[in-house]
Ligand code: NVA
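In structure tokens, the next block holds one chain alone, the form predicted alone.
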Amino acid sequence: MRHFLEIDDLTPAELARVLDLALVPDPTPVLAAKGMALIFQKPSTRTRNSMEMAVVQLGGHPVCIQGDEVGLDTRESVEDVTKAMAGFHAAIGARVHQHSVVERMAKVEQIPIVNLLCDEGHPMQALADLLTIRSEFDGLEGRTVAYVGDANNVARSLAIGAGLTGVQFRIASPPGYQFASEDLDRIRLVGEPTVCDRPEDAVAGADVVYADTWTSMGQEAEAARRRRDFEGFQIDERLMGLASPEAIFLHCLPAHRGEEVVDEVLDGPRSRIWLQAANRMHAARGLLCWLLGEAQR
């Protein structure tokens, strides 16, 4: 049984195929008369809407379930919830706090498990990011992505995805917010990231400039300290001016306007954030089409 817990659960050829399937106008209805359970321990805008619509476009019925409705490991164990859902659905997607939850789901191995976000990764976002870059530049090989900010779950998945597709990944983070050595070891299995101390060094000549919030969900108590620690890491027009003349700006959203990025960049002509958000749906459709179709053969 194939699962999608992190983007390197796909080989480079499989990842390319998922991106191809994301652009198929009339995909095979691999979920016809079937359901997909979508469990959300964390609130969601893009993930819920993109996944629901992807399931519908593949002929299926999405069932969204809030975390407190099933009470993972409080009302019922993760394993028992997974087994129960497998009796109703063709697949389960889970947006959870801890990566161990989706790992435990996958060990039940009755139906495909899709990681919709966890503390360690956001592989669905990485698929949409790569799809956006590929569409913008008519390919991925040889392009450069400069990620400015916290080396968090989004950065980790994007770095791995970049390595799998021949994209050079650079990251600039302040001290204390950089990739751990084990993260770099995993990323280096598929590529060679460039770690920079200064945003200017990461952005210079890059094709894509990428930001995420400095303070993610669950870190609200750290917001004031993080704003101080990330001083000098804001993406503004000056910093964008160091990138390639054809460079685009991406952000996984939601954005804290005026913190990690200024409005002039978010809403400017180089921004592709709304195309990137829409591509969450197309990327999800491509993954599900592959996971429930070709991967089952």
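Please read all numbers here as calculations on a predicted model, not as lab measurements. Quick note: we count residues from 1 along the sequence shown, nothing fancier.
Form predicted together with the named molecule: not shown, discussed below.
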* Asked: Which pick from 165, 135, 144, 152 sits with a heavy atom within 4.5 Å of the named molecule in the predicted complex?
  -> 152
* Using a 4.5 Å cut on heavy atoms, which of 216, 194, 110, 77 is close to the named molecule in the predicted complex? -> 216
* Would residue 122 count as a contact of the named molecule in the predicted complex, using a 4.5 angstroms cut-off between non-hydrogen atoms? -> yes
* Asked: Does any heavy atom of residue 253 come within 4.5 Å of a heavy atom of the named molecule in the predicted complex?
  -> yes
* To do: May I ask you to check whether residue 117 falls inside a 4.5 Å heavy atom distance of the named molecule in the predicted complex?
  => yes
* Asked: Since the chain is shown here on its own, which stretch among 69 to 77, 167 to 175, 206 to 214, 222 to 230 would lie within 4.5 Å of the named molecule in the predicted complex, judged by heavy atoms?
  -> 206 to 214
